[in-house]
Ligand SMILES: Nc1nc2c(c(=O)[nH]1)N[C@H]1C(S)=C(S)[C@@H](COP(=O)(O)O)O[C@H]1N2
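Below, in structure tokens: the form predicted alone, a single chain.
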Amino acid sequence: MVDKRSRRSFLATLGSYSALLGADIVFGKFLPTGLVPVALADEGFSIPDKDPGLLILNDRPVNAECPPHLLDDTVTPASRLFVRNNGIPPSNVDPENWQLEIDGEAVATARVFTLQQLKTQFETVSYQLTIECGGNGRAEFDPPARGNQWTTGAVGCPRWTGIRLADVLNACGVKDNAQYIGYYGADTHLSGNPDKVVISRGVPMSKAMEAESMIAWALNDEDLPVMNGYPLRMVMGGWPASVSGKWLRRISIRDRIHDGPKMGGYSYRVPCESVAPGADVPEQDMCIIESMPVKSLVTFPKSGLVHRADKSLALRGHAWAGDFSVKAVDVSIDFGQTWQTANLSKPANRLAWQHWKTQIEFPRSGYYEVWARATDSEGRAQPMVLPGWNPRGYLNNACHRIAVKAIST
């Protein structure tokens, strides 16, 4: 007799495989448990349309991050945008019949739009927007925090095309008592229960009505990748990516803080006040994450470089700061004793990351660590070590560092 829990797990995995393959596995019910479809197994488990260099953290649901040296592009390629799923993505999507419903206690007129109506009835806009998983950097927390053990690669800044969320909300009418919006997607729960919502998060009306808050159907001028929300998603730059709902089916204008799955408890929340590592924090003392903290990456060179000590070394990377801009990026090769200011570019638009570059010299041969530290427009700088511990390991914005061995000729 098959254990019911094992059967549910198998069905959830089968759904993930179908989404990865882009087609139903016709005789999938006969696929032996634990066997990966050969199309995915030939070269090891990988995600179609994604760079094989992505690091897969989980396959049920599928989650993968991009190593920092593969994030060197000014505009993140679709193939290198991280994957963060909470359930099973829909398969065999029909964009011609895709609909988006707008409802809720604080909507004046509930409406349903087809994808084509969204594309033709509202102004099309494009923005380069940074999205980052709230748990990016979780792997560094001690005591360890539960969840995908992201290192640094659950972030990206592609160019999104779609419409302003505010235009759609205004077309339906927003009542004076509106406080929040909440989204609902077409992904299904790992249990296989079609009636169980996987994740339904949202943002305050002030964020929803920003010009850069989008309903998007394209990434870098092409259809959204299947694993990143095809055919329709929300994009809320600068906030945890969990509020940028994928496979978007419905948006509710709420008269209260949205109360969907993963809005309460410890999900995407941190202690309102600092706590000791490993502390037991009551739920009522947890606050919802909004704007992400200032952060930076060294994207060139790749960590572990061996370089001639008598030659300067070019460095470059990106920096971002949630709802704010980045004021400065500094680098250090002496573990933070001294800092050298890098050249910093302006963002392509509000909420896009900024690029930095500089060159460093080595005083002699030996082992070095290059540290990068960004400071935002409010004067807040990245900490050199781990920031405040929290139960779910969110918001780690410690300085990124890479290893360089300088050698004599």
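In this text the structure is predicted, and so the values were computed from the model without any measurement. Start at 1 and count along the sequence shown; that's the residue number.
There is another form of the same protein, the form predicted together with this ligand; it is not shown, and what comes next is about it.
*Asks:* Please determine whether each residue of N85, A241 and S244 possesses a non-hydrogen atom within 4.5 angstroms of this ligand in the predicted complex.
*Replies:* The answer is yes; N85, A241 and S244 each reach this ligand.
*Asks:* With this ligand left out here, work out from 271-279, 307-315, 178-186, 106-114 which stretch has heavy atoms within 4.5 Å of it in the predicted complex.
*Replies:* Of the options, only 178-186 has residues within 4.5 Å of the partner.
*Asks:* Work out which of T299, N228, S252, Q128 lies within 4.5 Å of this ligand in the predicted complex, going by heavy atoms.
*Replies:* Going through each option in turn, the one that passes is N228.
*Asks:* Name the residue from L81, M236, A321, V329 that puts a heavy atom within 4.5 Å of this ligand in the predicted complex.
*Replies:* It is L81 that has a heavy atom within 4.5 Å of the partner.
*Asks:* Just to confirm, C133 within 4.5 Å of this ligand in the predicted complex by heavy atoms?
*Replies:* Yes, contact at 4.5 Å.
*Asks:* Is the gap between V294 and this ligand in the predicted complex 4.5 Å or less for some heavy atom pair?
*Replies:* Judged by the heavy-atom cut-off of 4.5 Å, V294 is well away from this ligand in the predicted complex.
*Asks:* May I ask you to check whether I199 falls inside a 4.5 Å heavy atom distance of this ligand in the predicted complex?
*Replies:* I199: yes, in contact with this ligand in the predicted complex.
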